[in-house]
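Have a look below at one chain only, the form predicted on its own, in structure tokens format.
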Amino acid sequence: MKRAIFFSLITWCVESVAIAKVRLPPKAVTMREILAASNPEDWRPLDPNRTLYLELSSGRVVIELAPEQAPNHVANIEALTREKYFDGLAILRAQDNYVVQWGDPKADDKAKRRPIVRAKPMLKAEFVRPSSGMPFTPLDDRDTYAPEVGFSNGFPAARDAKSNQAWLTHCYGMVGAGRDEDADSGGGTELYVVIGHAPRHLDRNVTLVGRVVSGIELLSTMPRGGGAMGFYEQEKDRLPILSVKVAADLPENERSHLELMRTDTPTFAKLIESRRNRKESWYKVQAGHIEICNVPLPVRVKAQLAPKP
């Protein structure tokens, strides 16, 4: 009898330990751990044919273009770049918590403005595109500005199935083509990048053409302009643009070899969840939600080309 009781106690202890292990809270998975555990197929190389290098005295800003969303504007910006339209122009505007903008400071003077050789000065707006047939990975969170948000071709995007419309969203680092009051008055001769809290009210009002994937800090830390809307009032305050080039036009050894995390993989879904519900011990309350512009889009130097320490 005593022996039976002894073995029953042992069995109870073993089962209790097993139950305790099952009930232990799951270990917090951080974004860093998810990135470290990612596979090569979770990443895609930055295509040099759709990449711009904005060269400043402070360094290089790398811009990934979005031809699927704005094919005419992207083609025109590449044409402007290849005819060296932007070379020697300047950063004209740095508005706090909003945008940095560059272009021709003499654009309003017909006699002195930078001539356009082969590109077009203005294009029909490309605010939206048909959502049917567009690749889209939805974000399972409500959005204030659109019926649905998610990612398309690696870019933050929104769509409305009822109207068959899709568009890119004004998240931090996104690049747009400036325009006047007429919707069709832009073409890419003036470009801006978002450097503040996402101005989503601009969605479907401006043609977004891409996003900064490297070097955003060179723009976001610029001295703010003292004029209206952050424009620099004095020429001496404007930062000159050394050059803008299409990456594919440069030799291999002069390119920035980057790769971006794909947004259509289970790994990226895990990354979103790790940011939606932060489980690190520092967080006392989990948000339970995430906004499209708060989802990080990881970029890294291609491993095989990373410089040796």
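Throughout, we count residues from 1 along the sequence that is shown. This is a predicted model, so every value here is computed, not measured.
Same protein, other form: the form predicted in complex with a further copy of the same chain, not shown, and the subject of what follows.
This chain lacks the partner; the member of 74, 222, 193, 89 within 4.5 angstroms of a further copy of the same chain in the predicted complex by a non-hydrogen atom is 222. Stretch-level contact check against a further copy of the same chain in the predicted complex with heavy atoms at 4.5 Å: of 134-142, 78-86, 153-161, 109-117, the positive one is 134-142. Three-residue candidate spot 198, 216 and 283; every residue lies within 4.5 angstroms of a further copy of the same chain in the predicted complex by at least one non-hydrogen atom. Contact check for residue 231: every heavy atom lies farther than 4.5 Å from a further copy of the same chain in the predicted complex. Under a 4.5 angstroms non-hydrogen atom cutoff, a further copy of the same chain in the predicted complex lacks residue 297 among its neighbouring residues.
Under a 4.5 angstroms non-hydrogen atom cutoff, a further copy of the same chain in the predicted complex has residue 204 among its neighbouring residues. When a further copy of the same chain is considered in the predicted complex, residue 146 lines it closely, a heavy atom lying within 4.5 Å. Contacts between stretch 81-103 and a further copy of the same chain, counted in the predicted complex as any heavy atom lying within 4.5 Å, involve 96, 97, 98, listed in sequence order.
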